[in-house]
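Below you will find one chain, with nothing else, as structure tokens; this is the form predicted on its own, and questions on how it binds or moves follow later.
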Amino acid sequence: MDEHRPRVLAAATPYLLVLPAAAYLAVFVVYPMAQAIRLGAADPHTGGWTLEHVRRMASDLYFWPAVRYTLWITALAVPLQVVLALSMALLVNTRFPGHTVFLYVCAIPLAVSDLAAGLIWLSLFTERGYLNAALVQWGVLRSPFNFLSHEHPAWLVGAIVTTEVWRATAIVMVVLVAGLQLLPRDYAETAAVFGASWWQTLRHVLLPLLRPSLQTALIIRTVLAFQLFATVVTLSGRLVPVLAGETYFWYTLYRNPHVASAYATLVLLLSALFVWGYLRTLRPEGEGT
């Protein structure tokens, strides 16, 4: 028996190392998800299953605007964040003098919460904010312009997207910098020897090798974009409804956890759909279908 113990322990070690993370996910992720799905489909009177909460959600005045604005903000913010983060990561990877300071400065927004970021940019975009004051002083505007008005929904969405790009691009940048640090420099050097331009090296060498990092960054940012709430409410109130915001309002304002759970389940399904798409389209080359 003693001879087999080291072998059994070695075989069990990976599972023991994963156990704390698995327990955390089970308690704080899987269980709340199951509860949300159950509440969204449970009849509070009979205890059976019903689609009444889903029908009530779909007939809500804010439902389709919330779906539209959520997808719109995600479609605008996530690609901008990836492009900016990739540019910054490539710049850091050149190891120019001061690249460490540049990396730390760009990562500062990571320490800023959604609500704090919304308040910072609210002070810029309001009618009496810093941006209007500067534009009037420089003669660009004769009078302050109300960027956050219901009369200008495009400006409202633009303000939200700008705030999110400023706040969350650093997350993508950190992931891509880590991915670039793991790539051997031999590939880029070999491409340069064979006369490849900077763009050709990026397109045909670096980006294919960065697929796992890009996949991770896109999954993180898209899932978090579907959960966007504090920034939107701070800048627009309910002028720009989003799915996470409607989940909050149905739970706290209308005191209806069942419809709120239906909204939460929809956010979960949309997130899962996009994650599946990223896993399929950004699968590393050579990986089985």
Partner chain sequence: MTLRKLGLYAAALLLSAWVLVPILLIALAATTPREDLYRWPRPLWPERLSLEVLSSFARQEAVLRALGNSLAVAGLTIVLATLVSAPAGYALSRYRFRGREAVQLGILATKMFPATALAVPLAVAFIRWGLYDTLFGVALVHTALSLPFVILIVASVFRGVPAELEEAAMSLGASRVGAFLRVTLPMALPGLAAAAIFTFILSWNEVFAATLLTVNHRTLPALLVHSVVAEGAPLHYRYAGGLFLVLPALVIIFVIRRYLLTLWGVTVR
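C-alpha atoms forming the largest set that superposes within 1.5 Å between two forms make up the rigid core. Residue numbers count along the first chain shown, from 1. Computed from a predicted structure; not experimentally measured.
The same protein has a further form, the form predicted in complex with the partner chain, not shown here; the description that follows concerns it.
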Exercise. Wondering, does residue 79 line up within 4.5 Å of the partner chain in the predicted bound form on heavy atoms?
Worked result: no
For this session: Flag residue 70 as yes or no: does it have a non-hydrogen atom within 4.5 angstroms of any non-hydrogen atom of the partner chain in the predicted bound form?
Result: no
Exercise. Closest heavy atom of residue 32 to the partner chain in the predicted bound form, within 4.5 Å or not?
Worked result: yes
Problem set entry | Contact test in the predicted bound form: residue 155 vs the partner chain, heavy atoms, 4.5 Å | no
For this session: Let me know which residues along 128-143 have a heavy atom within 4.5 Å of the partner chain in the predicted bound form, or say none if there are none.
Result: 128, 129, 130, 132, 133, 134, 136, 137, 138
Exercise. Does residue 61 show a Cα shift reaching 2 Å between the shown form and the other one after rigid-core superposition?
Worked result: no
